[in-house]
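Shown here is one chain on its own, the form predicted on its own, set out as structure tokens.
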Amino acid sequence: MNIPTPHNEAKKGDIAKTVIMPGDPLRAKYIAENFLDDVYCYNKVRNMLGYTGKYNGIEISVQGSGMGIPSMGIYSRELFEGYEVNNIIRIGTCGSLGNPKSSKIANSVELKDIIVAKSVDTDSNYLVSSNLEGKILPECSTTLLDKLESIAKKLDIKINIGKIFTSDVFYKDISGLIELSKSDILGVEMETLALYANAKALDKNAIALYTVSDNIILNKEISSNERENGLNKMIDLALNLAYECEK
């Protein structure tokens, strides 16, 4: 793959070996401007902003992935393959599935809780289309998970570790969500399958964290202020994990 890649104007060496990836590029900008020192913007192509800076003296990068499996599939692959990134830490929001008739697992997470995706279920054909069906298991890096658990314990931040559902459809039929709530799914989002698949296929490391922003079945959501505070807690976890990867 040529450098720069088709969707990233960074030069070789501009991007750190560990990248934090929110879906929203403006969230990447927020993290860069509020948590990193000596920051520079390495990508503005399609407004998918990417920054490199220092956290406690250690160089890390933060870049948006966009929404959905196809977008995450493009940006994570180009980072892994084109820029020799070793670790991608996805941060985002997800919907929970708890309801009075669902399983204990679905009811175990509340609004504002943090979920970590150990594995992924999906309704997407991404694995088939990428010729990865039956060849890889879309799971997080055990190395990153072990580090994250240790950091969460040190910071006294509760994390819920389990299976996430990556959907191709945002406006999913409620009956399908109710069926999912009866399984071992902790939450629903739209990007992680592609990230984990690319990481496994390319022998790289990836992990995904989410703040529960809404309960899709019960039509509940956190306020904008709660969302910001909750995301900051998740960002703190991700930054400390990136630091541990790079120090």
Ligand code: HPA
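Bear in mind that the values here come from a model prediction, so they are computed numbers and not experimental data. One-based numbering along the sequence shown.
Absent from the display: the form predicted in complex with this ligand. The rest refers to it.
Of the candidate stretches 53 to 61, 210 to 218, 194 to 202, 23 to 31, only 210 to 218 has residues with heavy atoms within 4.5 Å of this ligand in the predicted complex. This chain is displayed alone, yet in the predicted complex one of 93, 124, 87, 141 has a heavy atom within 4.5 Å of this ligand; that residue is 93.
Only one of the listed residues (190, 180, 36, 186) places a non-hydrogen atom within 4.5 angstroms of this ligand in the predicted complex, and that residue is 190.
Shown here without this ligand, the chain has only 170 in 164 to 184 lying with a heavy atom within 4.5 Å of that partner in the predicted complex.
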